[in-house]
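Okay, here we've got a single chain as structure tokens, the form predicted alone, with questions on binding and movement later.
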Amino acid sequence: MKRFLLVAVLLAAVAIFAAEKYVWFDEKTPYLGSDAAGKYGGRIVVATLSGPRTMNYTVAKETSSTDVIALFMGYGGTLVELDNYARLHPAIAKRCEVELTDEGKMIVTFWLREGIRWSDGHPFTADDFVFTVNDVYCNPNIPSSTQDVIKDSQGRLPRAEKIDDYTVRVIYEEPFRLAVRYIGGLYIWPKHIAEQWVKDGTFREKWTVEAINNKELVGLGPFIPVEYVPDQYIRAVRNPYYWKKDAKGNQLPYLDEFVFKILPDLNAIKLAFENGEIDIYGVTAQFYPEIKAKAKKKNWVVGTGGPTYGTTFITFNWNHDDPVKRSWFRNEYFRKAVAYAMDKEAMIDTLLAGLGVAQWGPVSVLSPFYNDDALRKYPYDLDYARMMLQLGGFSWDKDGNLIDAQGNKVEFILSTNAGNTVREGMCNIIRDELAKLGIKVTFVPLDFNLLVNKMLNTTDWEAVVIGLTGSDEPQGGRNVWAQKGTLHFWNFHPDAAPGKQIKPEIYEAPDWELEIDRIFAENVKVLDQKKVYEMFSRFQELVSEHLPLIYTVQQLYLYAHKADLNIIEPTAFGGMLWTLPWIYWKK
């Protein structure tokens, strides 16, 4: 039902776009939290496996950083925001109009709420938003993943104009179907602080993690990080100028503090929840039956939902320095053999306690763009895996070792983030199954931030099991799937690799990668949602056929929290914290 409703909403949006001007929302449309009724006080403690790597959103690529950044830049700190079902609502913008001009341009006009202040008390105006769009996210000298997703089909970035102190408009040279959601959802930077960084060319060097303890962070979100003790915790306090108010006119947030407690692994997180050291818990499937059984006695709320939007996969470094390993990883039959050797049922049964589903493609089954018929699937079958290897030019020596056409034994290092016991378990299963094919896999878990740095800035990695958060909207993954995307990590383009580590002479892009690049470039100008669905169906077909990422399994959405905490309707999209500014302790 949910998927149907999302499709219906999208189709309605297309019909409306056919008009010359559309009022997306106006002053009568309530913002999220405007009907809240809670009480002040207390703090919430949430677990994380790693400390942040940066507080600069244009640099951040890992959730250990972006989850903390969201506290002071998200949760209503944007012009628009999404609820727990990906429905769009006004936030700092109180009115929004979209216009298609006779010249074929799209103009989005936002009217901003007056009287909003940054967390340091400085007034927020249209200048901050225009600066954010033009001088930060659309600045070629400050490349970021955000640029990947807000470009039009020709690679052009939008530009923002100030109409007056509280009215701005954003202009696209052609229709851009996600303009309101993406431009209105940008994290906004304080011009009075960050403008100088742009002028002196130091923007990307600012707001490191040291900015937390230096009390330098300024935002429009509900909490401001003020203390970071590595390997222990990050503490944030309520923003005294947060703009949202509840139904009685009381300023939000209700909580005094938000704390990320850094714990070494999933076992430690479970123990911390049981001991009352953390207040909410994204339960792993392995522990779900035990947590559920204790819920009544412990006064917990424990629940489950459907498959999540995230993905987990194994991928290989196509640009490895060793030409021999590079040739294996680029060999499509090799990747298909790995896919056929993937025992997903064993992963679901042993790692997820049956609370998971097999994944076959890059789009979540919850997305209105998911097309099961477009996906090629690879059921566990080692005979098929051996056949794929033979088709790929591989054979076996007298001792049963897999060798390539030149007689090189096939062996590689597989990594994942240490402490994530589910991913570690996946690596062990993959290693054991590939051993049956004569492939030697050495499993080396690594610290999460170290692993991400290796993938993004070096060629010093061979294979990883890792995940992406995902969304209902596939276009949000353009930074992953575009040929020059800043997260196209398995086959970075030499011009786009964050560490400039890819040698142009070894780089190759197959035709199907270029077709995916075109799909992500061109779908944004298509306002016929049926055609967009067809384009993303082709995308799913190409990915599942050629397997740049080989998908594993995904746990169902599981959650647990203390019953005294007012958590409202957690979903796979919104999680437990989508109402963070108006979460409160009942007692």
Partner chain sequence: MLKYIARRLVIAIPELIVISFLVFMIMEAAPGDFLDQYKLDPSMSKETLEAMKKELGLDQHPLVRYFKWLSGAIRGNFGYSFYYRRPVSKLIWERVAATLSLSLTSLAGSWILGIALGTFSALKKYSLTDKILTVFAFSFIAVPSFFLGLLLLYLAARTGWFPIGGMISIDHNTMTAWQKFKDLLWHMTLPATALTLGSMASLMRYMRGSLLDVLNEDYVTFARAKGMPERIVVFKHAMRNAINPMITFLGFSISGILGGSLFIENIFAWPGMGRLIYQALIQKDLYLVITSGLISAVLLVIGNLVADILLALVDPRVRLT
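Residue numbers count along the first chain shown, from 1. Predicted, not measured: the structure shown is a model, and the values here were computed from it.
The same protein has a further form, the form predicted in complex with its partner chain, not shown here; the description that follows concerns it.
Chemist: Assess the spot marked by Thr29, Leu82 and Trp582: is its partner chain within 4.5 Å of a heavy atom from every one of these residues in the predicted complex?
Modeler: No.
Chemist: For the interface check, one of 72 to 80, 260 to 268, 166 to 174, 389 to 397 should have non-hydrogen atoms within 4.5 Å of its partner chain in the predicted complex; which one?
Modeler: Heavy atoms within 4.5 Å of its partner chain in the predicted complex occur in 260 to 268.
Chemist: Test of understanding: in the predicted complex, would Asp517 fall inside 4.5 Å of its partner chain by heavy atoms?
Modeler: No - in the predicted complex, heavy atoms of Asp517 and its partner chain never come within 4.5 Å of each other.
Chemist: Considering only heavy atoms, tell me if Lys191 and its partner chain come within 4.5 Å of each other in the predicted complex.
Modeler: Because no heavy atom of Lys191 falls inside 4.5 Å of its partner chain in the predicted complex, the answer is no.
Chemist: Flag Val452 as yes or no: does it have a non-hydrogen atom within 4.5 angstroms of any non-hydrogen atom of its partner chain in the predicted complex?
Modeler: Looking in the predicted complex, residue contacts with its partner chain include Val452, since a heavy atom lies within 4.5 Å.
Chemist: May I ask you to state whether Val229 is within 4.5 Å of its partner chain in the predicted complex, using heavy atom distances?
Modeler: Yes - in the predicted complex, heavy atoms of Val229 and its partner chain come within 4.5 Å of each other.
Chemist: Report the residue, out of Ala86, Ala179, Ala496, Val410, that has at least one non-hydrogen atom within 4.5 angstroms of its partner chain in the predicted complex.
Modeler: Of the listed residues, the single hit is Ala496.
Chemist: Between Thr208, Thr304, Asn250, Gln196, only one gets a heavy atom within 4.5 angstroms of its partner chain in the predicted complex; which residue is that?
Modeler: Exactly one residue meets the criterion: Thr208.
Chemist: So which residues in 482 to 496, when you check its partner chain in the predicted complex, have a heavy atom no farther than 4.5 Å from it?
Modeler: If the 4.5 Å heavy-atom criterion is applied to its partner chain in the predicted complex, 482 to 496 yields Thr486, Leu487, Phe489, Asp495, Ala496.
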